[in-house]
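Only one chain is shown below, in structure tokens, and it's the form predicted alone.
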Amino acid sequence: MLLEKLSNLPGVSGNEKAVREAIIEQLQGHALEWQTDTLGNLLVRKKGSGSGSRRVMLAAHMDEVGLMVTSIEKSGHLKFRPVGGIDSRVLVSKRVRVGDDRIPGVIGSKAIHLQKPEERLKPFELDQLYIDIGARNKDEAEKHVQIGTYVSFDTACTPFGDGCLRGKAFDDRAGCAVLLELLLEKGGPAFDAAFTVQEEVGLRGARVASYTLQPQYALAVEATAAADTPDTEKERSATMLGSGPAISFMDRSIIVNREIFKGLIEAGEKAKIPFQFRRFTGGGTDAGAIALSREGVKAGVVAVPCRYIHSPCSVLKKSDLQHTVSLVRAWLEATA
């Protein structure tokens, strides 16, 4: 499964090489043209069928949230800072992989037995956490790790429950899997695909990619927060697993182009594809940067609902992923 392979790869923002190479491997042997730019974006052109009079771009970011080593202690433990938005409260005792050699490690903290009563009442802050790679001391750790080394979560993508998948980096390897499936299938309309970098730290890759591709229409294919859990009131739930892809009308980075918004709805209704609306308007996506490229681009967002996003382990529904492929395909056929 494409998503499983992509999810298991390390690709913290600015270090997307392994993901990019895996996607290029999938492209081999197909009638596709591709290039990489200076920032690391992978740009793919599918000539497809039809007149191709409109330049249409699909975008999905390869990077994931993660960590970076900022110092090495005398004890050999590694201090770190997040790359992208991570809640420090979910990090304690999580397994990680450090550096290109994927050295196994675990995020540690002071054991509850050693904490003062008042300390037990507060969640750990980043300064109280460290990564343990089993090194005896600083000299031993420095043989394997340097300041600036990337750290990714050590979570294997596996199926479980009623048609669900659990794993890391579904934001946005799910979107990458959607783009790959559309690129590799025979026929279909022409479009450009941008597998972008550094979305989690400021939508940086999309800005460069859209400047190069110069689309007239663009759709960011994302993963978005599902809040169908006991701690969220139903009316405040942004999206729900099993209800299909989520169509955005706005977020922190963009007010979605009305033509694209209506086009997605019409495509879903015509093809009888289940979909929902993303009712949370925070966060940002590549669409925000794409819309402001050059003289402006008509841009929209469709996303796969995903529980526990931006954490070491997330959950999505396989049916939502496949319905996202179907909705994007239907929209392309009506637009490109």
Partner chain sequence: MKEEEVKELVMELSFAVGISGSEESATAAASRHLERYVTRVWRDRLGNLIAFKEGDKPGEEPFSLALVAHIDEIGAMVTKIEEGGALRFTGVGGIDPRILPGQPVEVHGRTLLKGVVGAKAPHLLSEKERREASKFEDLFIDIGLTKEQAEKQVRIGDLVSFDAPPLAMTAGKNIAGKSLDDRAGVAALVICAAELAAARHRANIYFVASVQEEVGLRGATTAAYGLVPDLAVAIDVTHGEAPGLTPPDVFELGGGPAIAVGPNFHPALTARLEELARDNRFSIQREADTGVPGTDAWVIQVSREGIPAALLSIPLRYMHTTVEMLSLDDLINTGRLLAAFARSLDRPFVEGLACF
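In this text, all values refer to a predicted model and were calculated from it rather than measured experimentally. Numbering follows the first chain given and starts at 1.
Omitted from view is the form predicted in complex with its partner chain, to which the following refers.
The shortest heavy atom separation between residue 79 and its partner chain in the predicted bound form is within 4.5 Å. In the predicted bound form, no heavy atom of residue 104 sits within 4.5 Å of its partner chain. Its partner chain is not drawn, but in the predicted bound form it has no heavy atom within 4.5 Å of residue 166.
Taking the partner from the other structure, its partner chain in the predicted bound form has no heavy atom within 4.5 Å of any heavy atom of residue 160. In summary, the region of this chain contacting its partner chain in the predicted bound form, judged by heavy atoms within 4.5 Å and restricted to 70 to 78, 187 to 195, 105 to 113, 166 to 174, corresponds to 70 to 78. Taken together, the three residues 10, 97 and 131 all stay farther than 4.5 Å from its partner chain in the predicted bound form, as judged by their closest heavy atom. Interface residues of 146 to 162, taken as those with a heavy atom within 4.5 Å of its partner chain in the predicted bound form (partner not displayed): 146, 147, 148, 150, in sequence order.
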